[in-house]
Every structure is written in C-alpha cells, then in structure tokens.
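Just the one chain here, the form predicted alone, laid out as structure tokens.
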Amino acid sequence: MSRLLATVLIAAGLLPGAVLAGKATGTAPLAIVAAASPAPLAAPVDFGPPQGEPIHAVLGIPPNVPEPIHRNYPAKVIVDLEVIEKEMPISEGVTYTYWTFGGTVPGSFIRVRQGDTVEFHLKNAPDNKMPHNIDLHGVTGPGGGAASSFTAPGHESQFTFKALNAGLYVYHCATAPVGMHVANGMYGLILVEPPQGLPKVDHEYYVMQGDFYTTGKYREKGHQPFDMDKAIEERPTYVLFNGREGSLTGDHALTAKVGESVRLFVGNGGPNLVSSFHVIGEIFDKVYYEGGTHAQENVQTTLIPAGGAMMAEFHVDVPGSYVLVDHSIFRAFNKGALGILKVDGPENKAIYSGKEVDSVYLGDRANPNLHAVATAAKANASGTLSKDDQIAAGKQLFTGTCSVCHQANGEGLSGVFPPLAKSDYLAKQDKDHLIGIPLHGLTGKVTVNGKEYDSVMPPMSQLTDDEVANILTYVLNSWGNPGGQVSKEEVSKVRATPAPAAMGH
C-alpha cells in the first residue's frame, strides 16, 4: 500500500494511524505528526456514499452563520435557496433593486462537510422579472452548477454535487449578462468544513464586500437604477459590506467581549474590485488566504480577489470599536466600505492606554445610527421637509464631515481652523457665498470674530446637494448663529455656477 493511499484512508477513518508508524530513524509517525500539527483544511477526498437520513441545511442570514458541523460521517444535505428580486435601502434615503439569493446581500451562508452529497434546489420567485442560475466555486462540474440550474421565474431547478474540497468558496449568479447579475448582489459563501472541523472560536461572522453602480452619485437620495456604463468602466458609486452602507454599524455592529476569539468569513463578490481587507486596531492571528488550506500568521491587511474569500481568526484584548475597512481607503470613507466590531469588557492599560476609536476614524458612522438622515430624505420625498428635519440630519452629517476640524461644539482649533460658533463671518455673508464654501472650498486669509486665519478647506464635492443644504442649515441654527435655512435647490443652483478662482475674505 502506498503511503499516499494510506494517508487518505486514515483521513477517512478506514485505517488505524499505526499503519504509518515511522521507521527506526528517530522520526515521529506521520499520523502522529499530522495529529500534532493538524492542517485546518483537508485535502480533496471522496469519503464514500452519504450515510443516515437526508439533512435539510440550516442557512445563515448575514452576518450570522450556521452552527459548526459535529457529525463524523458524510451525509446527503438538501439546500433550498430562493432567488428574490427586491427593492431595499442601499444608504439612508437611497433605494436600489437588488437581485438576491435568499432575500439578503450577500446570499444565505451555506455550511456543509467535506464528503457530503449536496442536493441543491434553486427556486426563482414567481414575481421576479429575470431568469437566474447559480455557480458555486466549491462544485466540481461544468459551470459550478450553472449549467444545471438555469431557472425561469416561477420555476425550480435541482442538481446534485459532492463536496470534494474543503474550503471557503464564493457562489454567484452566472446568467448573462453575468456582471449585471453579480453587481446587483447575487453572491454569497459556501463553507465546506474539513472532517475534523475548524478550531473552536467564540464568535463567527459573515462579511462580504461588493461594488455597486448607480446612475446617481454616492448618497444621492431616492431610488437609484443600475448603471451599466459605470460597471463596465469599473467606477463604482458604492463599495459596501453586506450590501448596504451601515449594514455593520450602529445597532447592526458585530459584537464580542474582551478575551474572546473571533473568526471572520470574508468574501468578495466584486464584480470588479479587489479588496484590501483590514480591521483597524487588530492583527489577525491567522489568515487562511483565498479560503484555502494554508494560513499566514500575524497579518495586518489581506487581499481578497473578486470572486474569492478568506478566513481570519483573532483574539480581542482590549475594549473599543474596531473598524472593518477596505484599506483602499477612499472606498471606506467615501463609498461606504466600513463596519464596526464593538468589543466590551475591562480595559488593559498594559496593552493600550488610549481612548476608544472616535469620529476622526468613523466619520458620520460614529453616530449610533443615521436615522435623522433617513427621516429627512423621506420627508423631502413627500414634500414635507421641515427646518427641524434638516437640522437633525445636518447634525449627524456634520459629525463625519466637519467636526474633525471645526469640533463638535463649533469652536474650531485656535489659530488653525476658524470657529463656526457665534461666527460674524457667517452672519455677514450672503447665502450663495456660504453655499459655495463646502462646494468649492475656501483658500486664503479670513478674519473671524476679530482673529485672522490662513488655512485651507478643501471642496466637499463628495456631498450631495441635500447633504450640503442640511449641514449648512444645522450650522446656521447652532451655537448662537443667526438662523436661516438652505434648500437643496439653492445648493444645486450654486453648484452649477463656475467656481471662483479662489474663495477668501
């Protein structure tokens, strides 16, 4: 019997480990070496026919995953997954028509064991408009199942595959135009556990990045259709975790306690961008890169290709807010690829003495939620937007856009950034000039409350018209300023006007 065959049979439990006992050379038996240093994922093996009664898979709704598998035999696992086309929020006050596996983006998390025989049922809801299929990267067979699962609205397809390779795999729709189906949110993860399972951790979470292409700009309110030209040119409007801006912040933040271990199953649906995944303030103990067998240790940032995945394991040692980002950093703070792991527990000054992560990093996501922004957007859509609605929304937006320099109390930084509180500069300027400041920036010397400042405010061109209007309305009605109201239409008018060569005074 060859050593390779014996190794396979031992892994399958068909031979005792003593078969591979080492010779009298001082080397340890191979089976003992394997037991002492187990690989996290097993090599491809056919463990034989399924045993026992068929099992209906329990699917995970992101960011949650199903419980680990504890059986020691291969089974027939039945997976039922329904494609649902539905309109959902993509950001506060912004909606998008997603195409989904299971009603969520990413789709339901599937968890099986290496050697399982998977009977896959794909349903296409009757009120959907498009045909769909599924390509699972964990499938050995034409199209990863796509060739067998083309499904029209109101129909169901079925095919069967054996999970030969352990690992973490992406699945996605592969119906033409494939890029459009993927860009609309049709992707998810399937975990094929090795027979011995994964090391025990306290928390497992499911995160998947995707890039989205809308006709309107980032955070432009209302319903936003898909923009094929932007997608082809790879110019995403949004880059998001779990399909929505804020999906992993505020009330939806991931949680853990000091001293606990965390495993992140992270995928990248694309369709275009590679992810530079990073957790600010943490170092990954292990990263199983590309979802495979090998692990790298002590990793700061890891690449996840479009259509790829990885598993990261780490311990949390001190409390605070740990920020999940794509470290292609404009994607995090200007396109939405930002989440939070909230860790509670006692401080450990020997490891870290500072304060919890604050608005400097989190931007407007430092707020627990952005409900006021969503409320203002709904009121504007219905024609009932009030000044109070604008002030409440502007306050939340100010936190992420302006408070770093001007401070949350509007006092600015002495000798560097002018105050907005009780500002004579704001009081004496006409409205168009005030609107032009965030739109076009402000350069050169200005005198505010009797003191001269000579700094640079860059243009906030990433802000939409309603965001500029709400921030200015908040500032004008705060900290003893004269009051007033700025409308979205007034901002739009100034935006259409050529910017002056330099704004000052």
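Remember, it's a predicted structure, so these values are computed and weren't measured experimentally. Counting begins at 1, following the sequence as shown.
There is another form of this protein, the form predicted in complex with a small molecule, and it is not shown here; the text below is about that form.
- The small molecule is not shown here, and in the predicted bound form it never comes within 4.5 Å of any heavy atom of G320.
- Though the partner is left out of this view, K221 does not reach within 4.5 Å of the small molecule in the predicted bound form, counting heavy atoms only.
- The shortest heavy atom separation between M180 and the small molecule in the predicted bound form exceeds 4.5 Å.
- Although the partner is absent here, G144 is not a contact residue: none of its heavy atoms lies within 4.5 angstroms of the small molecule in the predicted bound form.
- The contact with the small molecule in the predicted bound form, taken as any heavy atom within 4.5 Å, belongs to V416 out of V416, I329, I351, A176.
- Put simply, of N128, N380, S423, N133 only one has a heavy atom within 4.5 Å of the small molecule in the predicted bound form, and it is S423.
- Here the marked residues L434, S455 and I471 all reach the small molecule in the predicted bound form, each with a heavy atom within 4.5 angstroms.
- Of the candidate stretches 237-245, 403-411, 303-311, 168-176, only 403-411 has residues with heavy atoms within 4.5 Å of the small molecule in the predicted bound form.
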